[in-house]
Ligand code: SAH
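Read the single chain below, which is given as C-alpha cells and is the form predicted on its own.
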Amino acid sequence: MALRPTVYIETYGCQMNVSDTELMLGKLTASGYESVEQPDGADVILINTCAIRDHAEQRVIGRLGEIKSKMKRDAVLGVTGCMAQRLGSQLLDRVKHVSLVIGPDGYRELPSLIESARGGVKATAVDFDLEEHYEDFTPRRFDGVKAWIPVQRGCDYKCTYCIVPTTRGPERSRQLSEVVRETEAVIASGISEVVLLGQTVNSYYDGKHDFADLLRAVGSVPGIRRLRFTSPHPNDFSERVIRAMAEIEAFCEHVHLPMQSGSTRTLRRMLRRYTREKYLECVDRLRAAIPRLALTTDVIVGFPGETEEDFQETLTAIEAVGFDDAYTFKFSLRDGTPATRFPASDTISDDVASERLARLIATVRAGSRERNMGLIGARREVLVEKSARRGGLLQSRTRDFKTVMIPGDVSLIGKYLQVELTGTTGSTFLGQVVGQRAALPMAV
C-alpha cells in the first residue's frame, strides 16, 4: 500500500492564524495527507504567516532560507496567510524555492494547488472571497482543552497603522446557526472551553443576529463551561453585549480590550474612532456589569508624531485601568497602510521608541505584580491546559485568564481543579490543588 504524502505546517501570528492552520490541516488530512511534526522529510511544507509587523515578515524570510537546506529535493514549499496575501507573486520572485503563495481565502483549493506544484507548476491564490467561511471544513484541532472558533473574518475599521484590511479583506460574519453547530461538535468531542475569534469580534452581525445574540446562543449549548472571545473593539460594546456577558454563566471574567494609546491626539491619528475618555468609559461600563473582570490590552509606542506628553498619557491610562497584562509593541510601518502618508518629520527614532517601550513595560509589570501579590492565598478554579516548559509542572488557567503553575502529572490535563494561589513571579502564579476536585471530568 502506498504511503500517504506528508504535510508540515508552521504557524506565525495571531490565534486566527492558528485557527486557519487547523482548517488547512483538516482539509489536507481529509484529502489523504498525513500531518508530521517536523519539516525534515515532509512532502509538503507550508509556512502560515503574519504581516502585522515588518519583523514578523523578516523572520519568515529567514525561516524559508533555513528550510531550503533541509527540505527534500521534490518537496513543495508554500507560504500561506497574511504575508502571502500582502506580497502575492512577489514572494515567488523573491524566494525561488517557494512554489505556492496562498492567502487566507484560498485554502479551499489547497489540495489541487499542491498537486500542481508537485508537477512543477507554481501558483498564487490571493483573491478575496467574501462568502468564504470554510463551513464544510472539519478543523484538525491542536488543542484538546479549548477550541478556537472563527465567527468573523476581515475588518472595516481601517486604522492607519494596520495591514489587516489589506490582508484579510472587508468584514463578514458567519451565520449564527453555523457557529452553534460547530460549538456543539466541539462540546461533543469533549472540549468545554470555546474562544470566539474575529478581527473585531464584537461587531459581529450575520444579517439578523448581533454579537449579544451569538454569545447567548453559544453560551446556551449544553456542556459548555467556559466561553471567551478575542479581539473586540472598544466601540462595539453595546449595552446588549455587556448585559449578555454579565448574564451568561459560562462567560469568563476576562476581556482583551485593545487600547493602542492613552492619548486622544494619537488615537485620532491612528483612526481608532474613540477618545481616551470613551475608552475609559467603556472600561467602567464593563466593570460595573462584571465587577471581577480582568482586562488585558495592546499598546503601540513610537507612533508617528507621538510626543512625550502623548506617551505620558498612555502611562497614566495604564495605571488608571489597572490592566492585568499588556502586549506592547514599537510602531512598525507597513507598506499599504495610511500611516505611510505621514510626513517623515513625524517619525519617532528607534532609540526614543525603545526607551518608551521599556518604560511602558516597567509600568505594566509593576501594576500587575502589585495586584497579583494581593491574590496570594485566594482560591480559584483552573482548567489544566498542558505541561509547563520546565519545572515538571502543569500550566493551568483561571476563568479570569491568570496562568497558574501547579504540580501534577499529565493525567490532569483537561480537568477542572480548585487551587490555592501560593506564590507569584509577578506575571504568573504558583498554585496548590485543594479539595477533591481533581477527579472531575472536563465536560460537565
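A quick note: this is a predicted structure, and the numbers were derived from the prediction, not measured. So that there is no doubt, residue numbering starts at 1 and follows the sequence shown.
Keep in mind that the form predicted in complex with ligand SAH is not shown, yet the notes after this line are about it.
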Practice item. Using heavy atoms only and a 4.5 Å cut-off, determine which of 308, 239, 298, 370 is in contact with ligand SAH in the predicted complex. Key: 298
Check your understanding: in the predicted complex, which of the listed residues (111, 88, 219, 258) lies with a heavy atom within 4.5 Å of ligand SAH?
Key -> 258
Review point. Hey, in the predicted complex, is residue 412 touching ligand SAH, heavy atoms inside 4.5 Å?
Key: no
Practice item. Mark residue 405 yes when one of its heavy atoms lies within 4.5 Å of a heavy atom of ligand SAH in the predicted complex, and no otherwise. Key: no
Exercise for review: Could you confirm whether residue 272 comes within 4.5 Å of ligand SAH in the predicted complex, counting heavy atoms only?
Suggested key: yes
Check your understanding: Any of the heavy atoms of residue 36 lying within 4.5 Å of ligand SAH in the predicted complex?
Key -> no
Review point. Can we say 53, 199 and 329 each have a non-hydrogen atom within 4.5 Å of ligand SAH in the predicted complex?
Key: yes
Review point. Where, among 122 to 130, 239 to 247, 286 to 294, 332 to 340, do residues come within 4.5 Å of ligand SAH in the predicted complex by heavy atom distance?
Key: 332 to 340
Review point. What residues, if any, in 160 to 174 have a non-hydrogen atom within 4.5 angstroms of ligand SAH in the predicted complex?
Key: 161, 162
